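Here you get one chain, nothing else, as C-alpha cells; it is the form predicted alone.
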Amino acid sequence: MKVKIGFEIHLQLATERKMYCDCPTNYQDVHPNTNVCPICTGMPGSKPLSPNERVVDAAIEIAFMLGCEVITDQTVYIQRKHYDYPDLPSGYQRTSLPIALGGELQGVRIREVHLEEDPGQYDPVAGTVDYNRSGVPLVEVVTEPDIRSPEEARSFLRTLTRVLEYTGKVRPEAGGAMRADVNISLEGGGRVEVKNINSVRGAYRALKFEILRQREKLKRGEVVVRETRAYLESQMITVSMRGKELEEDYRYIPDPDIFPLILDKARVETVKKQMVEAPHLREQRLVKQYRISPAAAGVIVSERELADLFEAVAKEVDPKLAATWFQTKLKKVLNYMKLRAADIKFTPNQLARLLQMVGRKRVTPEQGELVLRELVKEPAEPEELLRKLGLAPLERAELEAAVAKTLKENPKAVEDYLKGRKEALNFLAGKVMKLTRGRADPRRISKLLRAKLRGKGKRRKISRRKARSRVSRA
C-alpha cells in the first residue's frame, strides 16, 4: 500500500524576549508563572507589541536555508487561530500567513514557512498551567507529503535539525526543542495526524506503529477515519484524541491588534548576505575545495563549529590528513566524552601543530590520539602534553640503541626469526616498545628490526659459506 507522510515541524527560536512582549523566553529554570506579563497571559485590555524583529529575520534565514522563496513587498497578516485549551490564555494562538514558499530539502518539498507563538504548558494530571512558555517564538516548517517510509522520515528530520541548528537561530539541541505533527495516510484510508512528537526517534516509532495500525485495519476491510491522534512515548503507540479539525474549525481572522508584516526586498537581501552557508551546500564545497571524501565531509559538517574548526586547521595542515583525523579520531574522542564541537576549548593552531607533528612522523598516530584526548580535556601546547604523557619523540640513535640491546638480550627470538618463525618479530618489537616506554613508532621499530635481522641473516650465510670453503680446501 502506498504511504504518504508529511510534517508540520515547530522549532523554538533562540531569542531573549518573547514574540509580542518583552518577557524573557527562559521557561525551564524558573518557578512557574514568573516570566509572564499581561500580554503573554492574555489579560483583558492588554495589547501585543510589534513582532520581535529578530524572530522575523531568523525565519527569513531559515527559509533561505531550505531553498524557499521569501514573500517580499506583500502584506503578511498575523492571524488568530482559535481553539479552546487551558494553555492558551487568549483563546487563540497568533500565527502568521506564510512568509516563504516552495523550498526543498533532501528531495522533500517544503510547502511553507511561517511564524507562531508557543502556548503555555498544561499538566492535565495536576490540573495546573505554567504560562512561562506562552509567547515564546516558533518557526513552523510545513512539508508536502513526499516521504514514503519511517526511515525516510527519520533521515529527513535529522537533516532538517542539522540545517536549522547551523543557522544558530533555533534553540540549542534543536531536536529537544522540536515538536512535530505527523500527517500520514495509506492508499484507501483517511489522513491521520499524530500530534506533538518531540524527537526524531519518537517520530520514527510513531510512524512505524501508525503504518502497521492503518494497514491492518485496511486489510480487515475497516475504514481508517480522518482523525487526530496522540503518541504515547512510554508505550510506543498512538491513541485517538478527536476528529481531525478542518481549516474552518479554527475560525482564522487577521489579528486587529497587530500591524501586518511587509518584508521589503532590501531587508530580505541583507539577511541573505549575512546568513551562514547551509550544511548540505558546505559539504559539497568541502569535497570540491579540499579534495576530501564525501564521507569525511559529511562528518565534518555535522556541526557548524566542527566545520569552522576544520577549515581553520586545513589552512595549516594537509586537508586530507586533517579530514581523516576529524572523521575518525576527533569525532570519536568527542563522542566518548559526550561533548559537542561547540564545547572545544583548544585553538585551531594547537590542533594544527599536533597534526603537523603526526604528518612529519615526529609522533605516531597512536601517540597523537593520546595527546588529542588530553587536548580536549585541558587545552595546552602539544609539545607540553607530549612531555606530560612521557611521549617525547625518540631520536634515531636512541631507537637504534634500544633495538640493538633487544637483539642482544633475546638471542633465542633472533634465532627463531632467522629460522622462518615470523611471529618472533612481534615478540622483539614488544620488547623494544617496553624498553622505550611506548615512545617509539611500532612501524619504525618493525622496519628497523627487519633491517637488522636481515643483516644478521646475510652475515650468517657468508660465515657458513666461508666455513664450507675452508673445509673443502682442507
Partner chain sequence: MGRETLEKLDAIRRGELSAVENVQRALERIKKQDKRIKAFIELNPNALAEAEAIDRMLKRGERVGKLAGLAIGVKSNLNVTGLRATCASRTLEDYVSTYDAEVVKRVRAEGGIVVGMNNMDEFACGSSGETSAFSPTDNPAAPGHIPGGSSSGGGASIAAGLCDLCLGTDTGGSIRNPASHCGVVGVKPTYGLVPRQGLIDLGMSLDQIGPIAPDVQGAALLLETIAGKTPNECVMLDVERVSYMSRLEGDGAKGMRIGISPKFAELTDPAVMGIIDGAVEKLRELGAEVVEVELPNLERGLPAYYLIVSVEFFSATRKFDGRKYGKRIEEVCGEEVLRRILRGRYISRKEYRGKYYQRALQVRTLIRQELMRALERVDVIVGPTVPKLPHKIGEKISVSAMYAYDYLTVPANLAGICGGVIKAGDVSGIPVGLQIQGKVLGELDVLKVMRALEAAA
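This structure is a prediction, so every number in the text was calculated from the model and none was measured. Positions refer to the first chain, counted from 1.
As for the form predicted in complex with the partner chain, it is not shown, yet the points below apply to it.
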Does any part of N26 reach within 4.5 Å of the partner chain in the predicted complex? Heavy atoms only, please. no
Does the partner chain get within 4.5 angstroms of any non-hydrogen atom of P145 in the predicted complex? no
4.5 Å heavy atom contact, D257 to the partner chain in the predicted complex: yes
Partner proximity in the predicted complex: E378 to the partner chain, non-hydrogen atom cutoff 4.5 Å: no
Here the chain appears without its partner; judged in the predicted complex, the stretch of 320-328, 305-313, 215-223, 89-97 with heavy atoms within 4.5 Å of the partner chain is 89-97
Contact with the partner chain in the predicted complex, heavy atom within 4.5 Å, among Y131, Y231, Y166, F156 goes to Y131
So which of N410, T41, N33, N426 reaches within 4.5 angstroms of the partner chain in the predicted complex, heavy atom to heavy atom? T41
Pick out the residues of 70-85 whose heavy atoms come within 4.5 Å of the partner chain in the predicted complex. R80, H82, D84, Y85
